[in-house]
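One chain comes next, on its own, written out as structure tokens in the form predicted on its own.
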């Protein structure tokens, strides 16, 4: 069953226009009495029947509501130092599938990729679309947001708004650190937020680590192997899913 994110349901009716209208009518070729899942901004999910097809809209009638949620019990924001190429697209797509609440990118000292304000706007629009499509595919109850900050200082400025700040640091892995991440997950309560920070190719510079520690960021290793910049966030999210959703002994 196809899933669509909508702004509101009024009197058990929902109207869809724009790209989703095109997808429903032109791509999926839905007919009257077909059913879809609709998700509202308050993370409520409903089963709806297609009752009207207009020239530029479709109308659905709610037939039942679902109480379950597919969201991680903790809110994780993935913050990536700008990587090369389309790696942010992969991080956003797969990170959405794995349950990230939001994404943030920032220029790190070792970032080769550079974004000016105009390029950043276009990139964020593209990444927002990727997150929406991935959220529909993976049956999420919310579409993760994407934000780009224009400086490392801006990252430091937003960090204290989270309950926990962690930074994946390969030197910690090299030194044999293996318990910090597990200890962190044991401390986090449902509903709390984690800002998880990852460097670009080449990692974060030592002076960036010092500045992150100054805002109470915890350095964590992600196992004994050195992970690519696009792999490390996915490792972190998979570990979080195990800790908060699958580990019944935790």
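Numbering follows the first chain given and starts at 1. Since the model is a prediction, treat every value here as computed from it, not as a measurement.
A second form of this protein, the form predicted in complex with another copy of the chain, is not displayed here; the remarks below concern that form.
Sole residue of 31, 26, 65, 225 within 4.5 Å of another copy of the chain in the predicted bound form, by heavy atom
Of 31, 26, 65, 225, the residue with a heavy atom within 4.5 Å of another copy of the chain in the predicted bound form is 225.
Select from the listed residues 197, 39, 217, 181 the one whose heavy atoms reach within 4.5 Å of another copy of the chain in the predicted bound form.
Flagged contact: 181.
Hey, in the predicted bound form, is residue 102 touching another copy of the chain, heavy atoms inside 4.5 Å?
No - in the predicted bound form, heavy atoms of residue 102 and another copy of the chain never come within 4.5 Å of each other.
Can you work out whether residue 157 and another copy of the chain are in contact in the predicted bound form, taking contact to mean some heavy atom pair no more than 4.5 Å apart?
No, residue 157 sits far enough from another copy of the chain in the predicted bound form that none of its heavy atoms falls within 4.5 Å.
If you check in the predicted bound form, is residue 9 within 4.5 Å of another copy of the chain, heavy atoms only?
Although another copy of the chain is absent here, residue 9 would stay clear of it in the predicted bound form, with no heavy atoms inside 4.5 Å.
Determine whether any heavy atom of residue 148 comes within 4.5 Å of a heavy atom of another copy of the chain in the predicted bound form, and answer yes or no.
Contact check for residue 148: no, nothing within 4.5 Å of another copy of the chain in the predicted bound form.
For the interface check, one of 90-98, 103-111, 160-168, 116-124 should have non-hydrogen atoms within 4.5 Å of another copy of the chain in the predicted bound form; which one?
Partner-contacting stretch among the options: 90-98.
Sequence-ordered residues of 125-154 touching another copy of the chain in the predicted bound form, heavy atom within 4.5 Å:
Stretch hits, in order: 134, 137, 138, 139, 140.
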